[in-house]
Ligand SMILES: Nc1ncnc2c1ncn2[C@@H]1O[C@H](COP(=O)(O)OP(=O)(O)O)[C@@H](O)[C@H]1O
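Below you'll find only one chain, the form predicted alone, shown as structure tokens.
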């Protein structure tokens, strides 16, 4: 979709938009937007309609276009019609969770996404930013050791004389906070991935950022700085005995977030997601891949589970020309790699987790009348053999 023309935006036309506070000096309008229905507008879109909430997608009606003949002047005035439907592309959300998410986003609450690996937490965060026109800031907490690591990293370099010099490099979080103060018209979504992979003592540095205090310690300036209202935090955690290198989150830290539970999409929803990503694959092949994955996920006594990354990876293989010509005959080998390889042991060791997954794959493929050949299999190899 290209840019709107003035002729297309006639008075009375209804479109979707997301408005932000108007920072232009001397303007009589409180809210502004630059896109309608996701397309760039030829003139700035302005409104004073009190029913419009900044940052919340809505449906508006064009009232008047000022100076339509000028490319460098004029404005488009609109009025509120109603709320826009809440859409998040490329990820599945339970309908109730989707409603909760919308409430949290409109209220500016910190959000904690809790769910199994590969269920779409990062994709969801990116999709939120894209849908709401927010600047997306990704930060992996697994690299945090000290509290200051959230905001600066320490780099040592040689000076012109050869003496070591210590530089403090701002992290993307600190840069975003500073930019948000300078650009109040832009909303920033800071995504704290793998929050529980850094120690609790380091996470304590974020406590004032996540509560009503809304400030953080600036290690370079040696002072506390406020967090602007146009910064919102979303964190993601993986919790469970199957994860190593994770730390517990205490009640006080959890209380700074609105927790939302995520899970893997049901088969029909996962097929829809994969169909959009891999339109070249047939519906039958997608059905088979998802059905096999569903059988593995619902198997009892398997530590860990199978992420959406695994089904997406299987689609990538199957769509490639090296495998596409083989059709369904390639599926067993592809699933053996993409599915069994995510569990301990080997596919040909019936006593290992990978071997148990291979048995589930064979059984599921049999329901689609897909034969599995196993030349050179070595049953009884040692459990855990890589």
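In this text the structure is predicted, and so the values were computed from the model without any measurement. Numbering follows the first chain given and starts at 1.
There is another form of the same protein, the form predicted in complex with this ligand; it is not shown, and what comes next is about it.
Practice prompt. Name the single residue among 302, 180, 174, 123 that comes within 4.5 Å of this ligand in the predicted complex, judging by heavy atoms.
Written response: Contact with this ligand in the predicted complex is made by 123 alone.
Discussion item. By the heavy atom within 4.5 Å rule, which residue out of 198, 119, 112, 189 makes contact with this ligand in the predicted complex?
Written reply: The residue in contact is 119.
Discussion item. Taking this ligand as it sits in the predicted complex, is residue 238 near enough to touch it, meaning that at least one heavy atom pair lies within 4.5 angstroms?
Written reply: Residue 238: yes, in contact with this ligand in the predicted complex.
Practice prompt. Tell me, yes or no, whether residue 97 is in contact with this ligand in the predicted complex, where a contact means a heavy atom of each within 4.5 Å.
Written response: No.
Discussion item. Would you classify residue 91 as touching this ligand in the predicted complex, given a 4.5 Å non-hydrogen atom cut-off?
Written reply: Yes, residue 91 is a contact residue.
Worksheet item: Can you check whether residue 308 is within 4.5 Å of this ligand in the predicted complex, heavy atom basis?
Response: Yes.
Discussion item. Within 4.5 angstroms, counting heavy atoms, which one of the listed stretches 269-277, 164-172, 225-233, 204-212 is next to this ligand in the predicted complex?
Written reply: In short, 269-277.
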